[in-house]
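Given next, in structure tokens, is a single chain: the form predicted alone.
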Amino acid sequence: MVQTRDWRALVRPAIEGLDPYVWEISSAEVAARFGVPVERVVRFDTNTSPFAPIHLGGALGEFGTTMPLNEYPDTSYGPIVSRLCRYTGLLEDRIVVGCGADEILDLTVRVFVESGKRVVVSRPSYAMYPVLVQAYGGVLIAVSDREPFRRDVAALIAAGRSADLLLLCNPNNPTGDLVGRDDIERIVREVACPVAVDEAYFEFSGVTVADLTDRYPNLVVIRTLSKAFSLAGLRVGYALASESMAELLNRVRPPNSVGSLSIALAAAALDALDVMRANVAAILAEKERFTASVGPYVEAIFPTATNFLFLRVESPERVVAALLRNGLVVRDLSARPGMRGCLRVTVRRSEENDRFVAALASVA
């Protein structure tokens, strides 16, 4: 008789014990549940661009001959890397491309974290950081913000002096807080571990420490084409680092996680920086108008250096319910510790933002 074994007993304890990332409700589910046409559902929760990417027909026209779909793409992602060299000013051997910033984060954690290794993060911050750290058996050291939602640089440095990795989202997600260049350099200089600075919203803040990788080999800067470049659906991210740090990340990088279509279209988008910059300027201008319109209906709006608002409402349950009835989806953070009534709201087109304000006013 064949003896059976409970396969669940083989799951690593680190996986059994971690709190998973909370997935966003799909637009189709919102439409079905609240009786809203799916084309009327607006994602205020994902921090993506409201603008479609540039017309990419030309890139796709060349695609069939240069990147046949029956073959794997160039594993060096040369068309993306060469354009990122022009965009960032760094050499090829200091750029690592991956499947979104999330894969680059995963590579970074994979290189430095195993059972018992200590990883410092600020709290609150990007919800995937704890998932990654705990999945690799690391110990999460969460440094609480100074009120209201401002990172405590001195406390991060103190914790980082005995840590194995420090993850810093800048500007922060979900609060939008921006740590200045001088403070980040101070962190990188004074801690005794690698520092990964997640610059997913760099194009909106205009603040980067990528150039500091010249001086600090323990620094890795992580970016994405999902936000400002309007390419969230393509999943393209990249790291900027010293040559030695990039070599470590490439040791564990899968060979073909970015597909041929993503390579071709990302390269085309990086050839149209003027379009990206015009879209960013339009979003930031609309952000000012949107902030003023929302102001009378909320308890507080906290400063952000991103393409989203971070605000507090008196009754998040009523507000979120009213928004969903109108097909408007926000990131409800009110259940997180220290974030009573807080919502994160992406800045979108003016007509979409006006729908948001009208729904918000209906429950004010």
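Start at 1 with the first residue shown and count on from there. Model, not experiment: these values are computed from the prediction.
Just so you know, the form predicted in complex with a small molecule exists too; it's not on screen, but the next bit is about it.
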May I ask you to check whether S226 falls inside a 4.5 Å heavy atom distance of the small molecule in the model of the complex?
yes
Please check if Y126 has a heavy atom lying within 4.5 Å of any heavy atom of the small molecule in the model of the complex.
yes
Proximity of R235 to the small molecule in the model of the complex, heavy atoms at 4.5 Å
yes
Using 4.5 Å between non-hydrogen atoms, is A200 touching the small molecule in the model of the complex?
yes
Each of D106, V109 and V220 having a non-hydrogen atom within 4.5 Å of the small molecule in the model of the complex: is that the case here?
no
The single option of L84, I184, A101, A241 touching the small molecule in the model of the complex, heavy atom within 4.5 Å
A101
Could you work out which of I80, V195, C169, V120 is the residue within 4.5 angstroms of the small molecule in the model of the complex, going by heavy atoms?
C169
Proximity to the small molecule in the model of the complex (heavy atom, within 4.5 Å), stretch among 88 to 96, 212 to 220, 169 to 177, 275 to 283:
169 to 177
